[in-house]
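First comes one chain, alone, set out as structure tokens in the form predicted alone.
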Amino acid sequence: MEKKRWFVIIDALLLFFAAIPILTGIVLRVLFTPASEGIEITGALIFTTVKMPWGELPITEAQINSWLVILSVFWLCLYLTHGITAKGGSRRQYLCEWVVEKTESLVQENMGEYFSGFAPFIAAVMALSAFSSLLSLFGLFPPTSDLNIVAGWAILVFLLITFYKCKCGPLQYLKSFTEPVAFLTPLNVISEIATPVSMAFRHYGNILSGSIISVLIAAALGGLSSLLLGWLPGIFGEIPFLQIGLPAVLSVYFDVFSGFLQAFIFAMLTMLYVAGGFPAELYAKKQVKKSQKKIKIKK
């Protein structure tokens, strides 16, 4: 009984710590949001600016919320993995094992055996993207609606793509721009640069457009409610009846379904671009030559 009680206490603490970042974001939102009338579409709030040698660095709501999401996911992972044993048996452990198996299977199918170690990174990308988009359910600014945040993720993916393309050497990487024919080199260079740009704008545009559409529909329903039902006596004429229900349904699509869908698409593009840019056959031949040289040296 004593062990069970401590287990429940630790579970409660982990969930509490996972909720603290979200509550912190809500408090910051309330404190820094200026008073306004009606519904407004604005970008991330600027909490403060830090003076740097090259200018001022703004600390925005998108940056802070990104760190809050990371902290929440960290504590949530500790909660899900708390009490895991070799025997298993708990629903929580089944959920964790299902997530691990599905992620590893996804990486195996899309990237191959060589990239099997990518599963944790892909899971982290999907979790960070999905939970960032879900912040809008709490009235917070989703970091995925800020191009700077998503562009940072895309640049990281681009560096990974370039790293694996250079596995056979920088000269082989540069030579790839001349394939299949040399006069296509400019187009190949543009295509290379367009990869992170397209990833960033695709993710950012889909999330931001969903948020804007939800706000515009909610504002339109409020005006329509006032126009059609404003004749009701007393306080009933001020209640936006048409805003009840439909915005919540739209939020389920734009915030939940679309958020998870865009996270999955970003992860899929990451896997396909990284695996597709890796010259597997040339790398295998290079490894064989290296092993043969080592054998000759030993002899």
Partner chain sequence: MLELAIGIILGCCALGAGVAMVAGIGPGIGEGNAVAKACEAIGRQPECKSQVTTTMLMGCAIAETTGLYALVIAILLIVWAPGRLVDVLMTAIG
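Positions refer to the first chain, counted from 1. Please read all numbers here as calculations on a predicted model, not as lab measurements.
Unshown form predicted together with the partner chain; subsequent notes refer to it.
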query	finding
Interface membership of F201, the partner chain in the predicted complex, 4.5 Å heavy atom rule	yes
Close approach of T178 to the partner chain in the predicted complex, 4.5 Å, heavy atom	no
is_contact(S209, the partner chain) in the predicted complex, heavy atom dist at most 4.5 Å	yes
Contact label in the predicted complex: G117 to the partner chain, heavy atom within 4.5 Å	no
4.5 Å heavy atom contact with the partner chain in the predicted complex for all of A194, L261 and I265	yes
Segment that reaches the partner chain in the predicted complex - one of 44-52, 58-66, 22-30, 265-273, heavy atoms within 4.5 Å	265-273
Contacting member of G223, G139, G169, G205, with respect to the partner chain in the predicted complex [4.5 Å, heavy atom]	G205
